[in-house]
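Given as structure tokens, the chain that follows is alone and in the form predicted on its own.
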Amino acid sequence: MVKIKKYWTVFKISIQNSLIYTSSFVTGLIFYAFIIFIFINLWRVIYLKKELIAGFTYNQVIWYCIVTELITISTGGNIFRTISNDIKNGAIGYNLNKPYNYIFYNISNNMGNVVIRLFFNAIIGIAMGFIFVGRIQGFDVIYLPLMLICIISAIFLNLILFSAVGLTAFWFEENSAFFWIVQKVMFMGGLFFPLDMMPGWIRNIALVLPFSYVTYAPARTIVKFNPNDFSWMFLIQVTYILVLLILNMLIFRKGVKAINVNGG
């Protein structure tokens, strides 16, 4: 309980610090609004002579993009840069003796920043959605708590995934290429359009990988909620979160051991 309270405090402090830098939020909001405006017009042209594509209406696709971009832009790659820089400049050494777990500390710290960005971006996204396409077709507010759980799980999965990528700095002087590769693969996990629109074999491969559970799973849960689909997607999210947490711990311990052996 004490340990949880410790990271909860880090989370709250991160929120307070994030509210100070309003200029970065304004820039992020403008960028997010611009991206959504592009998708609104792009998909309008695609749907000119069609009512449904792979079971999705124009309304559902726009809301789908609003959610996927909301998660992607709000999370960003801050945790990767923080961990990677700590290792490269030696700051990691000062964190080893601190009374907290380095991985959980960074997740809590970045989560505070993400929550603020998510909140303000959501206001913009929801406003644009209602203005341009109206409310989500078939949306049932009774399932909103489950939808929010799926979004929170997606954010945790995203942070833990890029945390692992950041830890590769223990062995690679320049590891930004790994971040770029993972980020681009994540783009193909249903960021720009639902996986349902992809050929079956590609969709099946994407559903095995963790990337689609950062974007596709929460977005599809919101625009086309189905209890059975939610159950298996949430279960896979939790499974990947646990697996990647363990992977983070193993990589971190091995990296720290290498520093101690080499006197770094």
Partner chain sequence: MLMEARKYLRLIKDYFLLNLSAAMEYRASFIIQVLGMALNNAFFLFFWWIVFNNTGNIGNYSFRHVMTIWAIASSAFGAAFILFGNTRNISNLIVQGELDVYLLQPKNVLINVICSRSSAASWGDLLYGFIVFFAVYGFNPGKLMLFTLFVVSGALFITSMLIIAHSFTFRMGNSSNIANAVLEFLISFSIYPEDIFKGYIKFIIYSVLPAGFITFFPLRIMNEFKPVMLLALLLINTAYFITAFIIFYRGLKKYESGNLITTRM
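Numbering follows the first chain given and starts at 1. Predicted model only: the values in this text are computed from it and were never measured.
We do not show the form predicted in complex with its partner chain, though everything after this point is about it.
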| item | value |
| --- | --- |
| is_contact(Trp232, its partner chain) in the predicted complex, heavy atom dist at most 4.5 Å | no |
| 4.5 angstroms heavy atom contact with its partner chain in the predicted complex for Phe211 | no |
| Its partner chain contact at Arg135 in the predicted complex, heavy atom, 4.5 Å | no |
| Its partner chain contact at Ile236 in the predicted complex, heavy atom, 4.5 Å | no |
| Output flag, Val45, Phe187 and Met197 jointly within 4.5 Å of its partner chain in the predicted complex, heavy atom basis | yes |
| Single option in Leu144, Ile123, Ala177, Ile131 placed near its partner chain in the predicted complex, where near means a heavy atom within 4.5 Å | Ala177 |
| Its partner chain in the predicted complex: contacting segment from 70 to 78, 135 to 143, 187 to 195, 152 to 160, heavy atom within 4.5 Å | 187 to 195 |
